[in-house]
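The chain below stands alone, shown as structure tokens; this is the form predicted alone.
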């Protein structure tokens, strides 16, 4: 009987190890880039942004304030130029018609995506509609992730909170199982009601890492890397001030999550 007891005790002690052995980590590098009014700071040229992306070699880039063939950017397909220069795959999410073209958010992916969606938030009291876009990607490991880019409304805290609620409703209407990243310009500081609301559903993966605006001397944080479910972690998180490219600092982060 004593030997049976010892065997069972030993077996129970191994269960956490057996569970851990059945898990694998999804590890990816992401960037967030609000490029300010269609890359106006760099005269709408694509090469300076592509060079920075190539320097850090992310798996995904989430962009905000992207022009598509507007008068302002000389009728250029700016996103596709960056895609060609980086070897990444583009997804443009138009928020509004602007100057005979489009203006919105975008994603660049190192890997092919098998599904792409967007949600456009429109509400009374806002100056413009705003698009959140997301893609589904099967990584080389065989695991699926969902990556979203967003640029939240800024008119009032109540409107920003409603925008987050709208994004949540649209993203999670599809599924609540896929590990998800929501990245971009939230137009809210960490102690604000919109971010407190966002954190009901989302995890800020690297809180307290630093301010992101203005790029010439950041004094507040508006840009975030959020994750769902709340099991993400980070091994590296850098805030990149490039005043010659945008009023926002960019972010590059190495994040991971354990999956079965």
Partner chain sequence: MHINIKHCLFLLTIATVAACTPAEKPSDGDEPQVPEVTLPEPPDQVKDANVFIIDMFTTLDDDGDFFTSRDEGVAADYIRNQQGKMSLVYIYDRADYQPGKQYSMTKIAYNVGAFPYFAQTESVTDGSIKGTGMVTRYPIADFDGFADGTVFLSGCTVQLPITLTDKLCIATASIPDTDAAEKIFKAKKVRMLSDMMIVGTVPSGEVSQVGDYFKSMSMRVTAMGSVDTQKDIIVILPPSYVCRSIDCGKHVNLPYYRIYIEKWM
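Because the structure is predicted, anything quoted here is derived from the model rather than measured. Numbering follows the first chain given and starts at 1.
There is another form of the same protein, the form predicted together with its partner chain; it is not shown, and what comes next is about it.
Original post:
Any idea which of 123-131, 184-192, 81-89, 156-164 reaches within 4.5 Å of its partner chain in the predicted bound form, heavy atoms considered?
Top reply: Of the options, only 81-89 has residues within 4.5 Å of the partner.
Original post:
Does its partner chain get within 4.5 angstroms of any non-hydrogen atom of residue 49 in the predicted bound form?
Top reply: Residue 49 lies outside the contact set for its partner chain.
**OP:** Give a yes/no on whether residue 74 approaches its partner chain to within 4.5 Å in the predicted bound form, heavy atoms considered.
**Re:** Close contact is absent here: in the predicted bound form, residue 74 is far from its partner chain, nothing within 4.5 Å, heavy atoms only.
Original post:
Do residue 96 and its partner chain come within 4.5 Å of each other in the predicted bound form, heavy atoms counted?
Top reply: Close contact is absent here: in the predicted bound form, residue 96 is far from its partner chain, nothing within 4.5 Å, heavy atoms only.
Subject >> Heavy atom of residue 118 within 4.5 Å of its partner chain in the predicted bound form >> reply: Although its partner chain is absent here, residue 118 would touch it in the predicted bound form, with heavy atoms inside 4.5 Å.
Subject >> Contacts with its partner chain in the predicted bound form - residues in 94-117 whose heavy atoms fall within 4.5 Å >> reply: In sequence order, 109, 110, 111, 112, 113, 114, 115, 116, 117 come within 4.5 Å of the partner.
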